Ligand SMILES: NC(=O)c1ccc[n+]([C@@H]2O[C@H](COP(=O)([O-])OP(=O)(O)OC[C@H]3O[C@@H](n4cnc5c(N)ncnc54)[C@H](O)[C@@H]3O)[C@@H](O)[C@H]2O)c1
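Take a look at this one chain, the form predicted on its own, written out in structure tokens.
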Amino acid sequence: MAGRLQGKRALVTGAAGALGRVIAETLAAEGADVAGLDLNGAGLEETAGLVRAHGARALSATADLTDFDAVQAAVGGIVAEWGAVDILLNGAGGGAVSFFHEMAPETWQTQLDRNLTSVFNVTRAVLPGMIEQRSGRIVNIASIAAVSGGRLVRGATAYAAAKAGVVGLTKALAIEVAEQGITVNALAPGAQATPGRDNDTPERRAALLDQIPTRLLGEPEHLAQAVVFLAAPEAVNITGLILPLDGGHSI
């Protein structure tokens, strides 16, 4: 099945992070050229090296994804270099634990900006080109917290609210651009086996797995393959989907 994305041009936000890096490399392994967009320039260059190792072209652009003008400029540079973007993966974001009754307004706003406004900014920059070419695939990384209310992590109210916004954006935009040949879908991962999980105590890990029917943490590689599927030709008639990758936690 290798090469399903041959000749496609992908933009991955959060490409310097653990999940974004795996997704970028997996897209490259399937034949796509990959541009990374992140605030971490050094991390982007590491990801670009992995992309090039698969024989794909790589670009790196640094920007604060919560800054509309900065994102417009960064995406404009990528489009000027490649002509268009065929695949957009909105993967940047991050959670903060803060109980609602103690939450500062700044924490609330930061979570909305990092997890929802960033998706608006990048998608807004990329979408006109997709509409012009009448084709495109947009995949957003939401969270099972948007579905379950964040039961895996207490105190994730702001994060869950922001990711629920991503779910709403995904569904509404899917309807809006369907006739332009553009699909918009989202993945809703549960707890992932990222480096941060290495800090779990045995008790914390056991409590976490007790909430997951498969008793397995998500693997970044599996998440990346789900992105490839939604970006591949056979997913042409799949849009507005919110796909849980949570080991049955949300059942």
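Bear in mind the structure is a predicted one, so any value in this text is a computation, not a measurement. Note that residue numbering follows the sequence shown and begins at 1.
Although it is not shown, the form predicted together with the ligand is what the next lines describe.
- Proximity to the ligand in the predicted complex, defined as a heavy atom within 4.5 Å, holds among I141, A125, V85, L116 only for I141.
- Three-residue candidate spot E30, L216 and D246; no residue lies within 4.5 angstroms of the ligand in the predicted complex by any non-hydrogen atom.
- Contact with the ligand in the predicted complex, judged as any non-hydrogen atom within 4.5 angstroms, is confined among 159 to 167, 97 to 105, 75 to 83, 127 to 135 to 159 to 167.
- Under a 4.5 angstroms non-hydrogen atom cutoff, the ligand in the predicted complex has A18 among its neighbouring residues.
- Within 4.5 Å of any heavy atom of the ligand in the predicted complex lies no heavy atom of I182.
- Using a 4.5 Å cutoff between non-hydrogen atoms, L65 counts as a contact of the ligand in the predicted complex.
- Though the partner is left out of this view, L39 does reach within 4.5 Å of the ligand in the predicted complex, counting heavy atoms only.
- Counting a residue when any of its non-hydrogen atoms is within 4.5 Å of the ligand in the predicted complex, the hits in 190 to 221 run G190, A191, Q192, T194.
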